[in-house]
Ligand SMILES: Nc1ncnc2c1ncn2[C@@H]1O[C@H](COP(=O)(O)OP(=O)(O)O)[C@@H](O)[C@H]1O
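The data below hold one chain only, encoded as structure tokens and taken in the form predicted on its own.
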Amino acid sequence: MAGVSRAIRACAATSQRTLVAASAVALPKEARVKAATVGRRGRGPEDGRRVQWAFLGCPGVGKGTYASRLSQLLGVPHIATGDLVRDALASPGPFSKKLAEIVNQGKLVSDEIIINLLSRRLEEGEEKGELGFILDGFPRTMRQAEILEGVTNIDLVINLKLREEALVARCLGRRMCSQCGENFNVASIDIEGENGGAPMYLPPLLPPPQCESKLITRADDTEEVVKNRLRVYHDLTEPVEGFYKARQKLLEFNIPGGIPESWRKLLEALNIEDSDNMRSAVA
């Protein structure tokens, strides 16, 4: 882990590679075997050592939700760059003020800032004895993907997809409890199917009574900012999808509905067995 963090910084200014075109596969054989093995064996450190996954997906698609559940299930640390940025925003000083200007305008945080925050997080994890990781929100640009490819072996990249109208509604419905910090979503999304396809229903994730009066909205969750974030994401991150397709490491997963349905189908796509631990993760 420390080697990864040091190499990320060392390679940041020099990483240059060529992207080659290739066909994507649903789930590479090596990753499929690894996922199934981890699912059977449970959550020991040996399992965590072998899991090095990353999540891609537009803002609001649910990367944090599914990465966190897999993290708990497999005993692997969940490293979300969005959380790293928010922690930095909460710190006093001029850096947090400059960072706030970027975030509130719906712009992506620069590679240099993200790489620095991630490196620091990996070093802290190594000091705690963490093994393996599930990345959430990194890599987000081609440069980040190239740097990461040069210093560690990502086994699998899970690309979550959701219709844009549902994405916008989910982002606008996000709420956080100002007291406990738990995240919720007040949006109830019911969309007709496209071209004869199945309709989509995403129920709200409502807070318990003790949190109802303490809900706050993120400053950057406005319709204008959300739509700009989606445009920026597609411009910068679609090439990253091609990068991992070329390496046969990309699993494309379309969110079919609410969390219980989607979680079950994601485990099926990963060929992870549905043990008692997994059932409890859906609750």
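Bear in mind that the values here come from a model prediction, so they are computed numbers and not experimental data. Heads up: residue numbers just count along the shown sequence, starting at 1.
Omitted here: the form predicted together with this ligand. The next part is about that form.
Put simply, H78 is far from this ligand in the model of the complex: not one heavy atom of it is within 4.5 Å.
In the model of the complex, K249 stays away from this ligand, with no heavy atom inside 4.5 Å. In the model of the complex, this ligand stays beyond 4.5 Å of every heavy atom belonging to E241.
Not displayed here, this ligand is approached by R174 to within 4.5 Å at the level of heavy atoms in the model of the complex.
Shown without its partner, this chain lists L108, A169, L156, L205 as candidates; in the model of the complex, only L108 has a non-hydrogen atom within 4.5 angstroms of this ligand. In summary, among the residues V85, L162, L131, L73, the only one with a non-hydrogen atom within 4.5 Å of this ligand in the model of the complex is V85. Heavy atoms within 4.5 Å of this ligand in the model of the complex map, among the stretches 254-262, 217-225, 65-73, 241-249, onto 217-225 alone. Contact annotation for 54-69: residues with any non-hydrogen atom within 4.5 angstroms of this ligand in the model of the complex are P59, G60, K63, listed in sequence order.
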